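Just the one chain here, the form predicted on its own, laid out as structure tokens.
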Amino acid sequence: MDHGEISLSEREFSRIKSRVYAVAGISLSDAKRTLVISRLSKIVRGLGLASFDAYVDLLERGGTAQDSQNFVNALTTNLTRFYREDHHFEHLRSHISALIAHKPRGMRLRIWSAGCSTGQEPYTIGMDLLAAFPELKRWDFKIPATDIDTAVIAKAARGLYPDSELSGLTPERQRLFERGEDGALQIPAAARELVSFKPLNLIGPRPMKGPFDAIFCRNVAIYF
């Protein structure tokens, strides 16, 4: 096949679907067959294996923890952008305004980004709320951000993004960003300090302690 892709039999596809469902709760439809081939072929070749059967055998019978993580990382989808679904952030501002009205200054505020991908969602939360409510700088305000994909977590923690991320944002929102190394977009320190990134499989135990004032779990449950 083109680009070094390996042929995938129906039985092998079934094994891969069962595997990713068991370890991550992700339900792959038959329409994802081409995606599976394109994303996993490079890994299979890199391991020196000749088939997807051999690859699943490795995962089930002695692959390393990194092999298992690479498998999950390859099959997750990480479409995201700043201010995606703008009305959600409008609703959050309304929600937080009501909380501020009922809480004394300096109270605890926790907002969990449960499928944070490369960080645009939690950073949008942080930048937007600090701009709307400067008094939150005096609060015990934190944004835990988690994702099953360790590769996107590493990118998110840097807080640096290409200039193209400004596309579609209003000038007011564009001004929320700073310029970092080589002219890249830099998340301001005040917002970066709110967010803590950690890998987390949502079908496993959750180490964070509640309660949360808001949980963002957008475009996540559809994969289960």
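Numbers follow the displayed sequence, beginning with 1. Not measured: the values here are computed from a predicted model.
The same protein also exists as the form predicted together with a small molecule; that form is not shown, yet it is the one meant from here on.
**Student:** Which listed residue (Leu59, Leu35, Ile26, Leu185) meets the criterion of a heavy atom within 4.5 Å of the small molecule in the predicted complex?
**Tutor:** Checking each option against the small molecule in the predicted complex, the one that comes within 4.5 Å is Ile26.
**Student:** Please pick out the stretch from 193-201, 167-175, 44-52, 60-68 that is in contact with the small molecule in the predicted complex, where contact means heavy atoms within 4.5 Å.
**Tutor:** Checking each option against the 4.5 Å cut-off leaves 193-201.
**Student:** Even though the small molecule is not shown here, does Arg84 get within 4.5 Å of it in the predicted complex, heavy atoms only?
**Tutor:** Heavy-atom contact with the small molecule at 4.5 Å: present for Arg84.
**Student:** Going by a heavy atom distance of 4.5 Å, is Leu8 a contact of the small molecule in the predicted complex?
**Tutor:** Contact check for Leu8: no, nothing within 4.5 Å of the small molecule in the predicted complex.
**Student:** Applying a 4.5 Å heavy atom distance criterion, does Asp128 contact the small molecule in the predicted complex?
**Tutor:** No, Asp128 stays farther than 4.5 Å from the small molecule in the predicted complex.
**Student:** Heavy atom to heavy atom, is Ile143 within 4.5 Å of the small molecule in the predicted complex?
**Tutor:** No, Ile143 sits far enough from the small molecule in the predicted complex that none of its heavy atoms falls within 4.5 Å.
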